[in-house]
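For reference, the chain that follows is the form predicted alone, supplied as structure tokens.
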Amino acid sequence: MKREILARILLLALCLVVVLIPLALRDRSLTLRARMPEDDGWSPQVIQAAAGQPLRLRLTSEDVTHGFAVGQMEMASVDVLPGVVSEVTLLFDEPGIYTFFCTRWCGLNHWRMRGTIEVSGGDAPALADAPLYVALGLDIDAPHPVPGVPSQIPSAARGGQLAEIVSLAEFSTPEYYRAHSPYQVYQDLVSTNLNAAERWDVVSYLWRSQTTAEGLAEGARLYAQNCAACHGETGGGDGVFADQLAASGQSSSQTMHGSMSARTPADFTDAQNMLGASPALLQGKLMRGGMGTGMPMWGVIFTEEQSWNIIAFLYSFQFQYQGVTR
């Protein structure tokens, strides 16, 4: 009899453990607090997680409205409101270090609002290839002005008509496109016997042919969300924070040493500089950031595909594409 009672007690205890442990785990969550970057930004700034296990976050702001997202993940950003708790559950398939960031422009140093999620367990991901600008040996900090610019805005539509009468096979591969600046291609097209304006139109056509309408749309969306506040909605380097950035000195720089300091954001409407920059060079600047300037490193935020879509969109400030208006 005593054995039967003991067995029942043990069985009941086991049932309680089976029921209560999942409930306890389900109720466990981490509170992530957001503050302006001048007040230390996210707290905590480093979060531990495990691959294959849900990470539940309770998000709240202690000052203004912020936003939350994790770089290189397919997720909608979450608004982080003052005095309000928002919840999000994340699941990481692979171990590694992931960057979370603020998606709402909260001030000049908005880009400093970043933290990391250290995910352990599982199989280590394969090592990423070196960035293309490194493989090509490009100095992405060197000036790259061209000696001449088009007399009118090059048109991809006009260039497409010319493409039907000249051979462009050697200029049409993604590898060639990414490794050459528009001006280099313009020079290489001299063999086609086209005049200067026609060659620029063909360059515009070649650049447009290396992307899609969907890619340009995503590039435009990402630019508006992450770049326009400094570089301007129309790419002129005149965003709402441009003057503050130029006046901030090293306080808004990525690095706090050397002779470089924060300066006016790049002007993507400047043909002399943009037409001398290859897609690989611009992607390198985007992913690595402008060391010693206020240009942040976006390589931990954007996927490879997203970065190329942004670069394709940047050239639309120089070339006339159908469906992209200024």
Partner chain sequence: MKSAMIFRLLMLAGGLALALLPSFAQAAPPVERVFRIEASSFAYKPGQIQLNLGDRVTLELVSMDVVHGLYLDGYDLSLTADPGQTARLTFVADRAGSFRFRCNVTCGAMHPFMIGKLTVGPNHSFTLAAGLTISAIAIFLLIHPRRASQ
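Residue numbers count along the first chain shown, from 1. Here the structure is a predicted model, which is why all the values come from computation and not from measurement.
Beyond the structure shown, there is the form predicted together with the partner chain, which is absent from this document and is the topic of what follows.
- Contact check for Val64: a non-hydrogen atom falls within 4.5 Å of the partner chain in the predicted bound form.
- In the predicted bound form, the partner chain sits within 4.5 Å of a heavy atom belonging to Gly107.
- Though the partner is left out of this view, Glu94 does not reach within 4.5 Å of the partner chain in the predicted bound form, counting heavy atoms only.
- Contact between Ala128 and the partner chain in the predicted bound form is not found at the 4.5 Å heavy atom cutoff.
- The contact residue chosen from Met113, Leu216, Ala229, Ile140 relative to the partner chain in the predicted bound form is Ala229, the criterion being a non-hydrogen atom within 4.5 angstroms.
- The listed set Val240, Val166, Val146, Met73 contains one residue whose heavy atoms approach the partner chain in the predicted bound form to within 4.5 Å, identified as Val240.
- Of the stretches 200-208, 177-185, 156-164, 221-229, only 221-229 has residues with a heavy atom within 4.5 Å of the partner chain in the predicted bound form.
- Judged against the partner chain in the predicted bound form with a 4.5 angstroms heavy atom cut-off, the residues Pro82, Glu233 and Gln244 are in contact without exception.
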